[in-house]
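This document opens with one chain alone, in structure tokens, the form predicted on its own.
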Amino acid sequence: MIEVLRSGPMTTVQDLGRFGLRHLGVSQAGVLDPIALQQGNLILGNAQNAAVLEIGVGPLYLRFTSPSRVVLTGVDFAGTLTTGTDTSSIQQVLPGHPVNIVAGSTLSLLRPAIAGAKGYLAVAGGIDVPLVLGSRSTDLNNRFGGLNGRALQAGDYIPLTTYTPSQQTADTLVRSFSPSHVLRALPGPDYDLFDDNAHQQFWLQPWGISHQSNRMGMRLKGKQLHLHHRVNLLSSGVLPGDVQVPEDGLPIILANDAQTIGGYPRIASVIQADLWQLAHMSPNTSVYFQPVSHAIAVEAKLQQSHYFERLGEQLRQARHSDHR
């Protein structure tokens, strides 16, 4: 078990999310950065979709009641580990480095190196909250999944899958991906409703990230986008990555907790391979959109899949080498 001694807002239990239920109005939820989740689980030898903690804002203080092994991925959170009650024994916890935990130790994650970016804590064996509609992810809007359908708070106890110290995990460092702040995108289904000037502005101008951004969507700041003429659209299905433009003319990139239907025109859709960057977009930073073809979008996703295949094989070889 893990006891939560203190938690900043927006630390939640997440896995890759819920799929195949949007026709029932169930949002995807899940980690904003699936690359970080899969890196952590591969390092620890977990199932690919084992649940982790997504950490939005520090500080987060966790006390482990039993031995474990953890790894932090995503953004650096100035982490330290105090072994047992020995305050003179403090170990730095860096992203991508697996760390052994003894019972009674306290893990402290203070603040993200980049404000607003997400960190991910994977635990050997995974977090053992109940499956709800096929996922352990927290749906904050509908208040189910994860731990009681909400963000963590002091006094919570997080159940873990049984872990034995002899369990084979790799000691290899795995580096987190660095966001480029360039999002490749396809023209959306309502692209032709926007005038030529809006097309140029969308692709060419830098868009600022608003402080109003959250797990539902990234609100952008910049020059307003205009339609050829006012239209009334019927609500239709939307997905994470869709870029909607409400009446104020400023785009919103839909994220994991977004609604399942919407009526705003969709000027573009960010390709799936680039959506992980939403976890690292801080307020007042900028992002650009780059138009690509469907073929490039498919190839980018295949390249990510090949990356995880290669990483998994490298870590398996490292585990066998370490335990000879």
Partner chain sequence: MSIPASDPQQDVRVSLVGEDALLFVFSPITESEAPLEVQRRIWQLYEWLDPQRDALGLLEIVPGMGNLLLRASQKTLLNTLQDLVLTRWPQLNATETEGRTIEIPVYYGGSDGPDIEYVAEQCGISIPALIDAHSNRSYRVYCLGFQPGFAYLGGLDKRLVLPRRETPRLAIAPGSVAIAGKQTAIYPSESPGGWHIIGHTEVSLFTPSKSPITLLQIGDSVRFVPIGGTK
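Numbering follows the first chain given and starts at 1. Quick caveat: nothing in here was measured; it's all calculated off a predicted structure.
Absent from the display: the form predicted together with its partner chain. The rest refers to it.
Using a 4.5 angstroms heavy atom cutoff to its partner chain in the predicted bound form, none of His97, Val182 and Leu311 count as contacting. With the partner omitted here, the stretch from 36-44, 60-68, 281-289, 256-264 that lies within 4.5 Å of its partner chain by heavy atoms in the predicted bound form is 256-264. Although the partner is absent here, Arg143 lies within 4.5 Å of its partner chain in the predicted bound form, judged by heavy atoms.
The shortest heavy atom separation between Gly208 and its partner chain in the predicted bound form exceeds 4.5 Å. Though the partner is left out of this view, Met10 does not reach within 4.5 Å of its partner chain in the predicted bound form, counting heavy atoms only. Interface membership of Val93, defined by any non-hydrogen atom within 4.5 Å of its partner chain in the predicted bound form, is ruled out. With the partner omitted here, the residue from Leu250, Ile114, Leu186, Leu110 that has a non-hydrogen atom within 4.5 angstroms of its partner chain in the predicted bound form is Leu186. This chain is drawn without its partner chain; in the predicted bound form, the residue among Ile101, Leu147, Val238, Leu160 with a heavy atom within 4.5 Å of it is Val238. Residues of 283-304 lying near its partner chain in the predicted bound form, listed in sequence order, are His294, Ala297, Val298, Lys301, Leu302, the criterion being any heavy atom within 4.5 Å.
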